[in-house]
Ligand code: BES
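A single chain comes next, written as structure tokens; it is the form predicted on its own.
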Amino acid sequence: MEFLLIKDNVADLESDSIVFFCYEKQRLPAAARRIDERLGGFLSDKIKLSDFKGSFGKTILVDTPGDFSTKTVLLLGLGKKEDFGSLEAFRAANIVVGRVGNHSSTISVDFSNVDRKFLKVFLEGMACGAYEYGKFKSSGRKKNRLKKVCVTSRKISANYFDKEAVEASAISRGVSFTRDLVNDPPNILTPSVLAEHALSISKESEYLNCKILDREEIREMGMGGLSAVSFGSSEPPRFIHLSYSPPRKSSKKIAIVGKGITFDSGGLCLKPADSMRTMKMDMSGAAVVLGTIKALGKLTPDVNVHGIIPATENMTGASAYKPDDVVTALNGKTIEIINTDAEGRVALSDALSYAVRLGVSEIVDLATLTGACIVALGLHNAGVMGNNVNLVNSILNSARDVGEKMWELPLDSELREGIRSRIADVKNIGGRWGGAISAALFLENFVSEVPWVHIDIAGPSYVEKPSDWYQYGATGFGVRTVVNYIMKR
């Protein structure tokens, strides 16, 4: 998608659609009033006949006469100005694409009454709103028509716009790539294919490198957690290490770790059939890591980044790992398996231990780890937990900057007792209560003293009930937060 800054009056531009924004209790923007005059007051008449008062998400859509320079005019309410933030900017952009994107190849947006600090998030939203997944439709993808977004504002300089547009383009491409991976069916996106995608990404930039371990190498390395989870599947596991090295030398070294369970049957603790559906999305954390690294290759921040993914299926084959098994993680800690459906944390134990060996200064992991997090926070918020308050706050602030909803949960020390094992160092599941927290407490055993944050994205990574700002399927949630966090280090 092409982004352009136009200094001309939006009312004079030729485009398929023109978009205006209006806050509650504020009059129409000046350019919208000029167009209304040219329409003979038709826009204002339609506003009077509707319940439009500038409430967030409310729209007025007007088809213009044949001799007009644009086919449609869209007026979108932004709610109260004091309540407008990055979340609303991202959603507003998605609403715009949803209303006029299917019949517009070029959209002109009057940004004159919106703070320029929301520009990048808005552009990301426009690109994300145009995303489509239809590769397995026999008729092919619908091919959203939107190709060009023209932003008009005299308050935005060309240099500022170009910088924000470049970042928005790279990030939105990373988000789209992440969504494609998560949307791909599990018979297509196997651990081996996920590793091939990582190798392909590493060839996009001279600053990227990729190392892949196969089943035997994983076993020889001492990754007992990932090995155990993979035993029940005929698909071989892969351990993926995709790294970014900046063009300018830097001592900063960050690891982002993503859970890569490409399909989760629950193993011998088999999920019910309905719960097994959509379990292709159990590698969303891994997809976020790949999408993030893909974006960083274009953005070239001054920090070393290691993307680490333990990739496997969790199946029920004859060699599947069992309740009561004891496995040894890469850092030497032993894990008693209580439930084979708590497999993501078992595989992540090796990935986190590997990150510690790299000598990184910070670790961020993302995982569709627990249904308990959905019970606690619903489908729209990710749970954030960690051992370092400054790092936790950095992640939460980054999420707020880009409009992704995250909420901190406590690493409650009283729950540690629940994951202590009588025969091993730790159990892979605790009691009934606080399941999202006890899962994070389990992961804490494998990060040593390194500052670490765990982001449970089980809720917001996949949408089964689409909204005005998220289509059905994968959302790419997490890429924008993590990229923003890294760019600010």
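For clarity, every value in this text was computed on a predicted model and none was experimentally measured. So that there is no doubt, residue numbering starts at 1 and follows the sequence shown.
The form predicted in complex with the ligand exists for this protein as well; it is not shown, and the discussion that follows is about that form.
Undergrad: Quick one: does Ile429 come within 4.5 Å of the ligand in the model of the complex, counting heavy atoms only?
TA: Because a heavy atom of Ile429 falls inside 4.5 Å of the ligand in the model of the complex, the answer is yes.
Undergrad: Spell out, yes or no, whether the shortest heavy atom distance between Leu391 and the ligand in the model of the complex is within 4.5 Å.
TA: Result no; Leu391 lies far from the ligand in the model of the complex.
Undergrad: Does Ser86 reach the ligand in the model of the complex, with heavy atoms at most 4.5 Å apart?
TA: No, no contact at 4.5 Å.
Undergrad: Might Ser245 be said to contact the ligand in the model of the complex, defining contact as any heavy atom within 4.5 Å?
TA: Contact with the ligand, no.
Undergrad: Given that the partner is absent here, state which listed stretch (355-363, 271-279, 110-118, 92-100) has heavy atoms within 4.5 Å of the ligand in the model of the complex.
TA: Partner-contacting stretch among the options: 271-279.
Undergrad: With the ligand left out of view, which of Gly371, Pro236, Gly79, Pro323 would have a heavy atom within 4.5 Å of it in the model of the complex?
TA: If I apply the 4.5 Å criterion carefully, the residue I get is Gly371.
Undergrad: Would you mind picking the one in Glu336, Asp180, Glu164, Asp341 that has a heavy atom within 4.5 Å of the ligand in the model of the complex?
TA: Looking at the other structure, the residue within range turns out to be Asp341.
Undergrad: For a quick check, can you give me the residues of 256-275 that have a heavy atom within 4.5 Å of the ligand in the model of the complex?
TA: Read in sequence order, the residues that approach the ligand (within 4.5 Å, in the model of the complex) are Lys259, Asp264, Lys271.
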